[in-house]
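One chain follows as structure tokens, the form predicted alone.
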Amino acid sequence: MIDISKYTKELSNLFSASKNILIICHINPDGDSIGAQLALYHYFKSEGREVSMMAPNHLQEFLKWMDGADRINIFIKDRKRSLMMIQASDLIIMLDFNQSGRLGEAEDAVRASKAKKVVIDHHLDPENFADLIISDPSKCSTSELMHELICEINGAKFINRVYAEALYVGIITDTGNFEHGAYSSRTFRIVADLLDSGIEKEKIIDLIYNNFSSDRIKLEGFALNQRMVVIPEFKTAYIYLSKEDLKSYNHVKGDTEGFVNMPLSIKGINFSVLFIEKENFIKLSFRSRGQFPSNEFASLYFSGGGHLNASGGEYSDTLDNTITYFLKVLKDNIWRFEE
């Protein structure tokens, strides 16, 4: 756990000295990256500051209802405007990622910018690509870290409804509604404050978790019935979905969110993997129980990383070859990761 106060003076000075602030989330933004982005945006707007937002690519459908989401400029949708925003900024704040590659097509422009750059994140081993890096892997989410920073800078608790909604979305999505992640008693005290602000918890849960299409529900059933493999001797299960599988169920961005968690509900399973076939590579998501270090497995074999129990990676090969490789490294190295 980091000492927040070590960073707040420098961060506050950067905020005060900046006239054009740009907040950027990571490519394929999830609930935490958008939640932290919108929370910081609403804080700046409450202070009367000039601030804009950008995402490298499109938001998932279940996040678009959030207040301010329609004001996030999408780089791949409007590259000219996005580049102008980057060039005009004197402070760029990057949220919920620790490698510049997570900026997608915006990476070169952001790196070339003369603006001061800040990273606020909760992932391990941050790359050095900013003037100030505030990284605390002990936090369950960047949204939790963001709230603590803002309250420290503000000199008191800061909460209004739209800010609280954004933080709540960030926290519940990065913990799977408190099923995994590094949440603590401090997390729940923050959540209590957010709920006390008057946000509608049930409405938010419905919009995040109960707002799917019938095709998505059918895809989930298909994944469990036809594409899940259980390996009890390794306490492991995996799900794989090809491009054709996704096409058959009219897949849209975000439909497979949460699929990787489902095999962990099987008794005796401690490690779960989701393989998704992309255009030129296979995307992998990892989840684990207890002390099984999914992030080490992702880092060693799939050019990835993340948290102890939630991580991701990728592999440049066919779906079949990727699964074959996964099974080989699992069999050869499972002893390294067992409790």
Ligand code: 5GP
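For every residue, the number given is its place in the sequence shown, counted from 1. Note that the coordinates shown come from a computational prediction; the quantities given were computed from them, not determined experimentally.
Although it is not shown, the form predicted in complex with this ligand is what the next lines describe.
Contact between Arg102 and this ligand in the predicted bound form is found at the 4.5 Å heavy atom cutoff. This ligand is not drawn, but in the predicted bound form it has a heavy atom within 4.5 Å of Ala310. At the 4.5 Å threshold, heavy atoms of Lys235 stay clear of this ligand in the predicted bound form, well away from it. In the predicted bound form, this ligand sits beyond 4.5 Å of every heavy atom of Pro56. Residue heavy atoms within 4.5 Å of this ligand in the predicted bound form occur in exactly one stretch of 94-102, 154-162, 68-76, 215-223, and that stretch is 94-102. Contacts with this ligand in the predicted bound form, taken as any heavy atom within 4.5 Å, map within 104-132 to His123 alone.
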